[in-house]
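In structure tokens, one chain follows: the form predicted alone.
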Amino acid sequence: MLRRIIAHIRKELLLLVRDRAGLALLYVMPIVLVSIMAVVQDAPFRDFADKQVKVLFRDLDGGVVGEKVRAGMDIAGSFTITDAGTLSEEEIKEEVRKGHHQVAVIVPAGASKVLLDRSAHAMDGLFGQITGDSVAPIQPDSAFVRMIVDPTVKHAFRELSRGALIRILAGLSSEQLLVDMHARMEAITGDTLEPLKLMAPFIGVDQRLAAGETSGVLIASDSTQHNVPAWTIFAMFFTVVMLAGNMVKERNSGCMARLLTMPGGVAERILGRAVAYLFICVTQLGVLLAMGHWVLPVWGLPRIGARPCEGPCTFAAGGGVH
């Protein structure tokens, strides 16, 4: 029985080897598909994986606002900050326009003074109602941190930068209000009070996923990991075409009638075909995995099976992931 099964396996493999068009369908076409799709999708996957926004930072204030904005963006972890040095605003715009940086942040001169003046004015309005002191109707000057964005930058990166700046400036304003409030309360009561500190939000956010995770080690993070397994499974379905074609050829050529006259049952023929095409699928898997491991990195794509990055991913020229 084993010899008959081996004979059926050998027969199926011989039919495939003699069918050059079929071999091209099973091996060449998946290789071409993987190559084209991995190269085409590489740039979008890099944009998705690279969450670092390149920021050109210019501090014209030289005070607490410029210092806190720079420190807050560093802590956020989503920005790669470069000091603009003595570049003018027009030169900074040109740097962003050329694509050297995605975003430029300019803290205007006198921003720290505006922060102090507006906080003091707010405290005058609040404590003036308690002490009965009149408040000057003149509003203090305003200041705006300028954010210059490359027009080609995706909307998500724009909102990431804008949201980070808004959070930093809101926290800075709240902190200054607390400092001024503490000073006014000490002046009114004549006592030394504990400093007021910013606390964590009284109501937090508990984020949960409705289904499985959408990032991390279980998710394809680059075009190679996405395309090689996908097109491998796709290629395996074409074995059905070859199997059906060979069965039709056997029937038309009279080979099936001769097989039916030989010893052995239907189960042996089915098992022989199944083992033969399982071998074809395994070889397809090996060929495409070898391509993802050795060939695609030569074209600058990530290597399949590379260790997933725990932080923001950067892709080296040779296809390595750091």
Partner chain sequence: MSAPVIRVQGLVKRYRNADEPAVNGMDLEVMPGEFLGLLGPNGAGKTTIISIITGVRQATSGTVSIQGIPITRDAHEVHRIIGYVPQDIALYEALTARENLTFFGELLGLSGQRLRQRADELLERTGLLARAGERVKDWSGGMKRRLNLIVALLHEPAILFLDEPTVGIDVQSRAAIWELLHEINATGTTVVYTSHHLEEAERLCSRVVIIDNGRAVGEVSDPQAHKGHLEETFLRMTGRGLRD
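Residue numbers count along the first chain shown, from 1. Nothing here was measured: the structure is a model prediction, and the numbers come from that model.
Here the subject shifts to the form predicted in complex with the partner chain, a form of this protein not shown in this document.
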Is the partner chain in the predicted complex close enough to R3, L15 and R258 that every residue in that trio has a heavy atom within 4.5 angstroms of it? yes
Check I36 for me: does it contact the partner chain in the predicted complex (non-hydrogen atoms, 4.5 angstroms)? no
Find out whether any non-hydrogen atom of M262 is located within 4.5 angstroms of the partner chain in the predicted complex, and reply yes or no. yes
Does the partner chain come within 4.5 Å of any heavy atom of T82 in the predicted complex? no
R303, heavy atom within 4.5 angstroms of the partner chain in the predicted complex: no
Just one of D180, D124, D117, E250 has a heavy atom within 4.5 angstroms of the partner chain in the predicted complex, so which one? E250
If the cut-off is 4.5 angstroms on heavy atoms, which of these, P44, G286, G254, G62, is the one near the partner chain in the predicted complex? G254
The partner chain in the predicted complex: contacting segment from 262-270, 64-72, 36-44, 287-295, heavy atom within 4.5 Å: 262-270
